[in-house]
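Take a look at this single chain, the form predicted alone, given in structure tokens.
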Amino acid sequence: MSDAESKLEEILSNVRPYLTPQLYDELSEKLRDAIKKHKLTLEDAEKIAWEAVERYRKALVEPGEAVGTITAQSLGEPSTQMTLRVFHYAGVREYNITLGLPRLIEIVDARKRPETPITEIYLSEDIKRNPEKAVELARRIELTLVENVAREINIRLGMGIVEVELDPEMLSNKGVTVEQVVEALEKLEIGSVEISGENPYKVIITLSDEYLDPSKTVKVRTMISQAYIKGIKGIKKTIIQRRGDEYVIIAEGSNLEEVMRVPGVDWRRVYTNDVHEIELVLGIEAARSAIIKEIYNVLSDQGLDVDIRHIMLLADMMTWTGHVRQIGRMGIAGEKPSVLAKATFETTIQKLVEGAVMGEEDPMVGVTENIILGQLPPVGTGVVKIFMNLLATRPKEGEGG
């Protein structure tokens, strides 16, 4: 080992006790890289190492710090500056993604379904650089119903038939054949199905007697238009984007479990913005990571710089019970053990009456309930309790006092 390397090892060993293993490894790697590539001197390396220690020390949370209050302020104040905008995917008029404040509210309210569910589908190594294969896979994934390829559906009850006129352009676009449409309509079992002899793109259904009732016209039309041809239920539309050297399918809608099963899809990298679906398929830890990612992306898209630890604390509070819960009276605020804390959130009289009827007791261990009674809350210096040992202060025999 050279003198420079031994000196660097000495510098690193001096700062090691003050850093976490992860920070130490990152600092060690970057200092070695800077010395090798940018000719960083050992004196500067030592200054940088101790500066890293100082910054880490300043970033530590003091014992008793009111982290919840600081998190609420750090997330709440910047969110007042957010815009009410939506993101628009180029080339597809209907592709809008909820962003900004509406998306943030959607996440913290733990809505069962996002307003605009989007799935990012990455492809396996062998086909991710092949645009033809990507298009083929997108067609296989996209949900296709009869209404997506039909130009017109005419119900002629007097003749007892239904004419389904197909759009050749849409059939080609969706990768569907007329035979597939016939097969889908036959599965409805509402009558016999055949292709018109005059027009190869017209399918004629001869209705069975039970569907000739005029009161069933709407039902018949709905059954035909919603007849399933192919694709994954929940995936309404797909577009293909090029990201770097690979193609990625962006799908409107979400069905994580079924998408992950499709051959040719890299199931390790499939991502949806539906947090509840992630919890259901991949578990609560994955849902926690998704909440952090979604909130961080919403804030950073608006140019708002919020420390990731605040977002992590929020995600922890939403998921620590094993299920995703909302921040509100139906979730975290409504499940506090303190009656007084629950009473401060929207339904004051109702919570006080419920507490009185049930004979509940308030342990007074939280911040809110102690502030209500004018007591010192258990945060900051309020965490510390001082007791006086009277025996230690009693004068010994023979001493005055």
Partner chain sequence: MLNMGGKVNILEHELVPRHEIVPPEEAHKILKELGVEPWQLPWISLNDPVVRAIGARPGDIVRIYRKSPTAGTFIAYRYVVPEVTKKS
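No experiment lies behind these values; they were computed from the predicted model shown. Positions refer to the first chain, counted from 1. So that the term is clear: the rigid core is the largest set of C-alpha atoms that superpose within 1.5 Å between two forms.
The discussion below concerns the form predicted together with the partner chain, not included here.
Between 234-242, 302-310, 216-224, 178-186, the stretch whose residues reach within 4.5 angstroms of the partner chain in the predicted bound form through a non-hydrogen atom is 302-310.
Remark: residue 325 counts among the residues lining the partner chain in the predicted bound form, judged by a heavy atom distance of 4.5 Å or less. A residue is said to contact a partner when one of its heavy atoms sits within 4.5 Å of a partner heavy atom; residue 138 fails this definition for the partner chain in the predicted bound form, lying far away.
Though the partner is left out of this view, residue 228 does not reach within 4.5 Å of the partner chain in the predicted bound form, counting heavy atoms only. Residue contact with the partner chain in the predicted bound form: residue 201 places no heavy atom within 4.5 Å of it. Proximity to the partner chain in the predicted bound form, defined as a heavy atom within 4.5 Å, holds among 250, 260, 171, 108 only for 260. Among 126, 194, 152, 209, the residue placing a heavy atom within 4.5 Å of the partner chain in the predicted bound form is 126.
Residue 65 is not among the residues whose C-alpha shifts by 2 Å or more between this form and the one not shown once the rigid core is aligned; its shift stays under 2 Å.
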